[in-house]
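Each of two forms of one protein chain follows alone as structure tokens, named structure 1 and structure 2.
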Structure 1
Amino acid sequence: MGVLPFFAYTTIFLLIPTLVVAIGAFLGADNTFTTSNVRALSQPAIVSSLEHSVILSAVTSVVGAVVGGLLAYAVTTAREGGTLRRLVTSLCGVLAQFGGVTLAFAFIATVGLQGFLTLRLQSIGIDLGNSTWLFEWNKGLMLVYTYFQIPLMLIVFLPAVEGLRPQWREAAETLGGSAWDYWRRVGGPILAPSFIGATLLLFTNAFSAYATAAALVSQGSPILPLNIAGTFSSEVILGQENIGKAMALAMVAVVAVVMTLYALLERRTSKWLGR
């Protein structure tokens, strides 16, 4: 059978790992069924890291969506196939993947203690404060996450904005509508589902991100992925890894809910865009 290799491969490297996480979350140190791992999720440290993760993802996805959405619209007013469009889309293609170590370095070199912007601002009398703000989840991490959320928004949202037909706008004008009328009654409602959908996608993107935070935060585990990584590499307490699996399961659950919403919205959007 021609499809056998594919199913064999995905079973080994995708389905088995998923099962390992799902089952491991309910196994104790002696391999018997237990709900203690799941109950351990209510530890204050884990709850607060989950909370931080959700807030971080929500804020950066909304900011990224608004700024990225504006950028996408601005880009579509330029000539199709022109240099500006190519430049911005290629740049965003790179920056959206540009998480992790490089990004952490870039921000340290810019607004860190010895960063050029910090020094430049100091010389004109503006103090960014001590450098530790960059390493806090609700300040530095948020700023850094926004840096890869905006480009991702452009890539995901641009096709929807491009789907707006100029005729719709002309029709609105012919009927005496102002720009505000057009956006409130035509453009806005048509773009709304894909905008929300893209925001949800950005949320899962930030929620799953690990590398940037790992390179930036060296102490403590303010967000869930760091917390999971901590249980994964620590061999101090036995059975910790199964708590890690329970946390991983919680993460999958959150992402799955969001992605389901995304899929539902996507179905609605495609109707409008005539895909």
Structure 2
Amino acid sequence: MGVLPFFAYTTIFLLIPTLVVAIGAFLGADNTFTTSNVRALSQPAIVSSLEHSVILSAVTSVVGAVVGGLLAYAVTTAREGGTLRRLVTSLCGVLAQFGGVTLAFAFIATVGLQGFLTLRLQSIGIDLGNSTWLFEWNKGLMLVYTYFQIPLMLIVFLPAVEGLRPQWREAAETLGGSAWDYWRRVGGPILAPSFIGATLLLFTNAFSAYATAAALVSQGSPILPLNIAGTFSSEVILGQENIGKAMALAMVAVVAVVMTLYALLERRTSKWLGR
């Protein structure tokens, strides 16, 4: 009985929406079975938006993983329970959830066409250009996505770094190993599964993000979530709802593969840290 609320929650908010998407992806306008919606995924505009989503997610997840991983290690060198450590972890906990329209507005107000920093720099002779880069998927979106990927990486990766036991490094040094030897033969292999798993989690986080991109990009649908939204809300493209569901089904498939890999890596990491 204790897990009944969990099953009810996953059924209402995960299983039923997934079934609606999966069934709708194979229905035509007359509610008969068809594969035309899935075959429509080969259209150049959809393929292009999928490529952009994958590139955007991959770049921001790798940058976020590297910077966030280094930050996580730096945090572990601070005194346990100290003010600096608690401040950084608390701040990252907040920033990791600071997304959506609020984050988009913060960047527009800072480096947008009439942003605070843009005008300040212009007053001293530094021009950032026309500042439309903020609204492009391969510039502005990458910067904004990286902003919440780094703190999320710290929150996810910090327990793995904290799991490294000082005795392992002491043993390596006792045997004559250098710092490089320790990270190459001990620390690196132990943290690798957790690091890769956290990177996959960041990829999924960016791949499924919508609100921030919708608030920044008002023209076109350069990434797949915006393309899906366009099939349901566009006043120009009508009768494409089931193609939108087919695109959503493709996203579900990509996320399912990534999260399966993440679960396998997480299981291996737990075995290492449990020893």
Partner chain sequence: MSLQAARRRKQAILRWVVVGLVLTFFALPLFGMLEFTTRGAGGSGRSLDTWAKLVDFGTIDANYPDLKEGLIASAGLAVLTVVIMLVLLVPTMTWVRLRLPGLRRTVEFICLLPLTIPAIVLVVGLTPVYAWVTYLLSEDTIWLCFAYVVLVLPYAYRALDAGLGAIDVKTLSEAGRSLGASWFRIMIRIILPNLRTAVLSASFLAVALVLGEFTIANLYSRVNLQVAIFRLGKSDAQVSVAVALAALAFAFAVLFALSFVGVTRREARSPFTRRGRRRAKES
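These figures come from a predicted structure and were not determined experimentally. Here, rigid core means the biggest group of C-alpha atoms that superpose within 1.5 Å across both forms. FYI, numbering is relative to structure 1, first residue = 1.
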| item | value |
| --- | --- |
| Either 1 or 2, the form predicted alone | 2 |
| Rigid-core frame, C-alpha of Thr260, shift of 2 angstroms or more between structure 1 and structure 2 | no |
| Backbone CA shift between structure 1 and structure 2, Ala8, after core fitting (angstrom) | 5.1 |
